[in-house]
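Listed next as structure tokens is one chain, alone, in the form predicted on its own.
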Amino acid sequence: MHFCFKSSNSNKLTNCRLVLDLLPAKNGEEPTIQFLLEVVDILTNYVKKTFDRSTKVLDFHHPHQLLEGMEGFNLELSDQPESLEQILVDCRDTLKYGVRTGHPRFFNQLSSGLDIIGLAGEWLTSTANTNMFTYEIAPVFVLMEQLTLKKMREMIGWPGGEGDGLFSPGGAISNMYSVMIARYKYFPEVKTKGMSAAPRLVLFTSEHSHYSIKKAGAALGFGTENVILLSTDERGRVIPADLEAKIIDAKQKGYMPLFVNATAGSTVYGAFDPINEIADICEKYNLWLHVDGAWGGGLLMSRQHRHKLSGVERANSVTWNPHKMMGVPLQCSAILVREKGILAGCNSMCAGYLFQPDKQYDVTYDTGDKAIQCGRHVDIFKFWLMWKAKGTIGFEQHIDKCLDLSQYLYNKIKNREGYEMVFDGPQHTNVCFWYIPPSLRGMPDGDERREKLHRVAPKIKAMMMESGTTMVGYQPQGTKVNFFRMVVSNSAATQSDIDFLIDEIERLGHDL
């Protein structure tokens, strides 16, 4: 099995090699370098196309089409090794049939964009290929993580940046940590004896909060019935009086209120719960206050917008995902805790083969024992490198620009024919709206109109994906039928991309 490398600088085929000639094979340096240069060529071409608005956001195919194989791209695994030529084809095709989440017209997820410094950081991280559990094998990364987490705690407003934290595999896990730590704080014996050592514990969270709080309730043995949903106002913010009423009700039933989650930037509406008022109630009833700032935490970097998280410094724990609003490549999520040592108390198992107390360095830098994982990916380097490259001011400019773009969209469509807003004035970059096709504009409100309107956004979205021009999310919420949820977190997006999106919705939806 041979492979002929084609130099990117010439059109001559050079250095035909056996597939197994890559390092660590003897004399494998030359084919390895050539192979990696070919991969870099694939990656740099992809990056160029990502920022080229004339290219598609995606080349959509149905699952059965990809599974059946496309033009030499086959997902099936073989017993025999394939040629390096085929491996390069597979690399190209994997990118070709995927979604360009860095494309300026990809608005589908809270995390989008392609930061070049962050990308470089991820490449270096993969090359170093180490694990975050001890200073012994990740000395520089461990120190970077500690310094960065301290900086984030300072931005929350905890005195001197004191406290604890770590990076976890996403906001859902960060939120789960907060529930685990709260339970350990009030009922430490649960760690050894299990949930039978505690009374019936109750968690409180917004009806608009991320489903990960309910999932944590299920996974940690509280049960989803003991995750009490709180009513919200028309903008999607928790009503503090409802929280207090439900705490009192739970206590009267003999349950033990434990934990309140306040959302800073809800997934659909981008709503910010009133943290100070919730904190007052938590202090009154001695409850753990967690702030889920997975989506909205980045606003702490902006002097113009950080007031939306007013009171966050009163929280016992905070989730903050730099991979969302701040444009750090996936994944990068932090759980930040005000009380030092409680993470280790909750999770440590003192595994003798990893966390030996008699090492030659200060073993307090061995952070792995406070995680629920053993192996932990290095998520810090790309974030640290971006912060070095941008400075705090660069993140602030990025965030302010994204919020300005969402305001531009809101102003553009709030009085435009064919649009109805789900709520007035965005709190974050979330702008939620219905597009009303001409066929529905004269129809009186009622079940028939609602049923037809419910089908509009999914049809437009399907046509968007088929044509590959742009992507934006939609969903129902409570009694509201399907609407578009537009979010901006990509530093490459401009007003022209917002204009394009609206033109595209109108083009695709006009005849529905």
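From a predicted model like this one, the values you see are computed outputs, not experimental measurements. Position 1 is the first residue in the sequence shown; the rest follow in order.
The same protein also has a form predicted in complex with a further copy of the same chain, omitted here; what follows describes it.
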### Message
Exactly one residue in 433, 106, 167, 158 has a non-hydrogen atom within 4.5 Å of a further copy of the same chain in the predicted complex; which is it?
### Response
106
### Message
So a further copy of the same chain isn't shown here. In the predicted complex, which residue out of 242, 277, 122, 400 has a non-hydrogen atom within 4.5 Å of it?
### Response
122
### Message
Please tell me whether the candidate spot formed by 117, 130 and 329 is one where all three residues come within 4.5 Å of a further copy of the same chain in the predicted complex (heavy atoms).
### Response
yes
### residue 471: touches a further copy of the same chain in the predicted complex, heavy atom cutoff 4.5 angstroms
yes
### Task
Flag residue 441 as yes or no: does it have a non-hydrogen atom within 4.5 angstroms of any non-hydrogen atom of a further copy of the same chain in the predicted complex?
no
### Contact flag, residue 502 vs a further copy of the same chain in the predicted complex, heavy atom cut 4.5 Å
no
### Query
Would residue 87 count as touching a further copy of the same chain in the predicted complex under a 4.5 Å heavy atom rule?
yes
### Query
Okay, which stretch from 283 to 291, 140 to 148, 419 to 427, 312 to 320 lines a further copy of the same chain in the predicted complex, with non-hydrogen atoms inside 4.5 Å?
140 to 148
### Task
Let me know which residues along 365 to 400 have a heavy atom within 4.5 Å of a further copy of the same chain in the predicted complex, or say none if there are none.
365, 368, 369, 371, 372, 373, 374, 375, 376, 377, 381, 384, 385, 387, 388, 389, 390, 391, 392, 393
